[in-house]
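This document starts with one chain, in the form predicted alone, laid out as structure tokens.
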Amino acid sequence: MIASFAMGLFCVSAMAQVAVRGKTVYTMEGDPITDGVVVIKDGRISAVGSADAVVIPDGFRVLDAEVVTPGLIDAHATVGLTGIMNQKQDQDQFERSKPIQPELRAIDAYNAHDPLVAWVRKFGVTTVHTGHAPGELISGQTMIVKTRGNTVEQALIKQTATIAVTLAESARKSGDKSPGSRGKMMAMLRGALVEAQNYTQKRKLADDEKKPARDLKKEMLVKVLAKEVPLLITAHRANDIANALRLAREFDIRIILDGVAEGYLLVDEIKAAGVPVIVHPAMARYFGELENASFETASILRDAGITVSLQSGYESYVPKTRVVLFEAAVCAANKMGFDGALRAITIDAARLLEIDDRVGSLAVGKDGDLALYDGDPFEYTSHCVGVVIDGQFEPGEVR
């Protein structure tokens, strides 16, 4: 069945009326469905259930797979800014001229046609939270996109998802450049937020002549202070994580912790703060700030009741972009279990990114985003035979 299905997949992409049948369908809304069916009409899910309860409308294209899941969500990546060639012309994840640049928009740097976007899609990834990479104190904005579309506008789910902040070695400068220490990092962040507070007050002045000119940097930080946009703070050492939590308390702002290699040392503090966490890639290189990282960090935080999701992440050395499916498989084998790992790259990631009204589970009214596999998704010998995004088919891994 899988062989014939795979051969016919390439003809399906133009059809928006699709029914997908799976021997096992993981909806993430309840127990898995044996011999399940998902019907997608006009890009949205119109029915989900067992084969004996769901009627497939006449004229719908029917796709069959062993396992069906919601389209996978990579909770933090740089795909589309980090290109597949790994050369200067396709590396837009950094702007090194200044340490604080929240005005840099991810949509202006994203390349919808980069082959790396299609490559991660072939493993079942249909939604990516991507943008400027960790490496500067405030490196820029992030956004959320689908892994298809001719332009960034066609792919876009959320234009500004977070502002990326780095409290790590990669954001420190050498010599007489700032910031060169943890104290300077925090002082510069606090100073930028105070400037944004003052900017807000001055803009409220009745006399238009006294209002300050528009400042794109301050405008973005005003949105942070208003809790419209959270800070995505990359921090691995326990003291850097503690600094991030302290900053959130001082300015009463929303943050998402990213990385947290030593997060297991501050479980109570993270939980008390109500802060969600995107755990570092399981297959990251465990040295430097990640020297105390653990395969079990995701499960430890999850078991404590903290919202956890997983990521492909970023590092300056090749490969730069990993596959979140494989990262979840490693976590599944290290106390997350199958269900916990799948949740971390579907519904839990969607909730953390505040897009669960559209993606993350298979439910009536949600986007028609599915991943189709010929076996256990976390088994290395299984393949993603295709994905459906907004009711449109895209082929999976090339075999």
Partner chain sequence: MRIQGFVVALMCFALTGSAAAQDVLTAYVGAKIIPIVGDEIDQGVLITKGGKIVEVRSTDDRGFADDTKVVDLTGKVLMPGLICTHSHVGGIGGGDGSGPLHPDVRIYDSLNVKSSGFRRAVAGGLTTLNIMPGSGHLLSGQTVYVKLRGGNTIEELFIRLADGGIAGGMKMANGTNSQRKPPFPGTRGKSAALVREMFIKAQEYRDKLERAGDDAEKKPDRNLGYEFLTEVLKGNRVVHHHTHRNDDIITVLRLAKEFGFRVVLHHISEGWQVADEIAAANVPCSILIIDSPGGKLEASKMAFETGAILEKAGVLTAFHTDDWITDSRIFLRMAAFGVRAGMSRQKALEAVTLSGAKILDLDQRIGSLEPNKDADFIVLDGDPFSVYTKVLQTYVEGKKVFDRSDPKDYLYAVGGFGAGHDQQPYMCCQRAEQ
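The shown structure was predicted, so the numbers you read here are calculated from the model rather than taken from an experiment. Residue numbers count along the first chain shown, from 1.
The same protein also has a form predicted together with its partner chain, omitted here; what follows describes it.
**Q** May I ask you to choose, among 215, 169, 195, 291, the residue with a heavy atom within 4.5 Å of its partner chain in the predicted complex?
**A** Contact check passes for 291.
**Q** Would you mind picking the one in 329, 75, 189, 165 that has a heavy atom within 4.5 Å of its partner chain in the predicted complex?
**A** For this set of options, the contacting one is 329.
**Q** Pick from 215-223, 295-303, 178-186, 242-250: which stretch has non-hydrogen atoms within 4.5 Å of its partner chain in the predicted complex?
**A** The contacting stretch here is 295-303.
**Q** Are 45, 273 and 361 jointly within 4.5 Å of its partner chain in the predicted complex, each by at least one heavy atom?
**A** Per the other structure, none of 45, 273 and 361 touch its partner chain.
**Q** Mark residue 111 yes when one of its heavy atoms lies within 4.5 Å of a heavy atom of its partner chain in the predicted complex, and no otherwise.
**A** Although its partner chain is absent here, residue 111 would stay clear of it in the predicted complex, with no heavy atoms inside 4.5 Å.
**Q** Do residue 338 and its partner chain come within 4.5 Å of each other in the predicted complex, heavy atoms counted?
**A** Heavy-atom contact with its partner chain at 4.5 Å: present for residue 338.
**Q** Might residue 334 be said to contact its partner chain in the predicted complex, defining contact as any heavy atom within 4.5 Å?
**A** Yes, residue 334 sits close enough to its partner chain in the predicted complex that at least one of its heavy atoms falls within 4.5 Å.
**Q** Can you work out whether residue 116 and its partner chain are in contact in the predicted complex, taking contact to mean some heavy atom pair no more than 4.5 Å apart?
**A** Contact with its partner chain, yes.
**Q** Which residues within 152-176 place at least one heavy atom within 4.5 Å of its partner chain in the predicted complex?
**A** Nothing in this stretch is in contact.
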